[in-house]
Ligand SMILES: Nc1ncnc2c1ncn2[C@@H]1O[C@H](COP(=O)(O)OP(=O)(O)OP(=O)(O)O)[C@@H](O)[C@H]1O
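There is one chain below, alone, in structure tokens, taken in the form predicted alone.
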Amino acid sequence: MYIIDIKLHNFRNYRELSLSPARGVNVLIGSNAQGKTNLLEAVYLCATARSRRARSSGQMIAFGEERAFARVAVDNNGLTDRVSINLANGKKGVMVNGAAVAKLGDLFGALYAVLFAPEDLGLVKSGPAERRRFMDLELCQLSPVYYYDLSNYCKSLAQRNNLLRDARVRGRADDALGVWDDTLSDLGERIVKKRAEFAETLAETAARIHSRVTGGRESLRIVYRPSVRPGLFADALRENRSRDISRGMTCSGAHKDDLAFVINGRDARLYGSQGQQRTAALSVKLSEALIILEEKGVSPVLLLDDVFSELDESRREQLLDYTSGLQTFITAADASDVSRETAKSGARIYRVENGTISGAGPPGFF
């Protein structure tokens, strides 16, 4: 899978852009705030209908404009899929091959993309919500069924919490609470099973990548920590009902799960250096790409935002080895950050300046 064409209109600081990227490595060179990350955001938006940076659709529309779009044409095993994300009036419209997508789950698979950005350091050092978000988004790309289970779980959780708050006010539980217990339990069991399977595969793949990227100096272990063990959801909801009513919320379930990252036997969140945490997060993201390749039979597009600046030469070389066979977009502020390594990969180099992308040539072109 690779992107044939990218078109942007009034997207962030891109008034108009049409770009036909290379099938291999594409390097975007430019100073801060010129549009490098905006391009990666647009590609990721087309893959997931989500932005890692914008809280609302309007934030992605160029200042003073009312409408914007991001469009990609994708070669998917010889077939061309076209994805368009249209932004207007605070809303986001999604189209695949000219047809409107009513449910987000129907978008996944048209374009697989894996993004590593500076904020992904939070995958290791932030709270459990960040790690659950990571698992959920990856699993949604891999399985539309998971997306719908997760969506229904969140709706059921909201309904149960409403009943818990009502029960706290009235001093007794409504009979409907049992119905939502059953629904939440069934959905939770399916979600935890999928997460456990994913975490096991992720742990094996990330451990191998991390060892190679660090030259064998570090070992990475990933441990899935479900709030409720599989098979015990219904029991947990029943046993904790009194506590849940007193707090007005469901205190256990899939919405409380976590992942632990352990480097050389120590919790990376508490004891890892920033460099170790960054490398662990990068290993996880590269694992995402390999898992998609293995499970879906297509190579995802890899988006690496400012990843080289804090890696030594050895780790850069190891990283580029994993981009082999993947269409990759790499951003960097300075050509010196990437010139030596990208020379070996035959990368295409672009200059990004004030919302325009110019030139395409080999390393050292600029």
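On a predicted model such as this, the values are computed, not experimentally measured, just so you know. The numbering used is simple: start at 1 and walk along the sequence shown.
Beyond what is shown, the protein has a form predicted in complex with the named molecule; the following relates to that form.
Novice: Classify Thr356 as contacting or not contacting the named molecule in the predicted complex by the rule of any non-hydrogen atom within 4.5 angstroms, answering yes or no.
Specialist: Output for Thr356 is no: heavy atoms all beyond 4.5 Å of the named molecule.
Novice: Is Lys36 part of the interface with the named molecule in the predicted complex - any heavy atom within 4.5 Å?
Specialist: Flag for Lys36 set to yes.
Novice: Does the 4.5 Å heavy atom contact test between Arg12 and the named molecule in the predicted complex come out positive?
Specialist: Yes, Arg12 is a contact residue.
Novice: Mark Met60 yes when one of its heavy atoms lies within 4.5 Å of a heavy atom of the named molecule in the predicted complex, and no otherwise.
Specialist: Heavy-atom contact with the named molecule at 4.5 Å: present for Met60.
Novice: Considering Ser56, Asn32, Ser324, Ser309, which brings a non-hydrogen atom within 4.5 Å of the named molecule in the predicted complex?
Specialist: Checking each option against the named molecule in the predicted complex, the one that comes within 4.5 Å is Asn32.
Novice: Based on heavy atom distances of 4.5 Å or less, which listed stretch (293 to 301, 66 to 74, 311 to 319, 37 to 45) is in contact with the named molecule in the predicted complex?
Specialist: This holds for exactly one stretch, 37 to 45.
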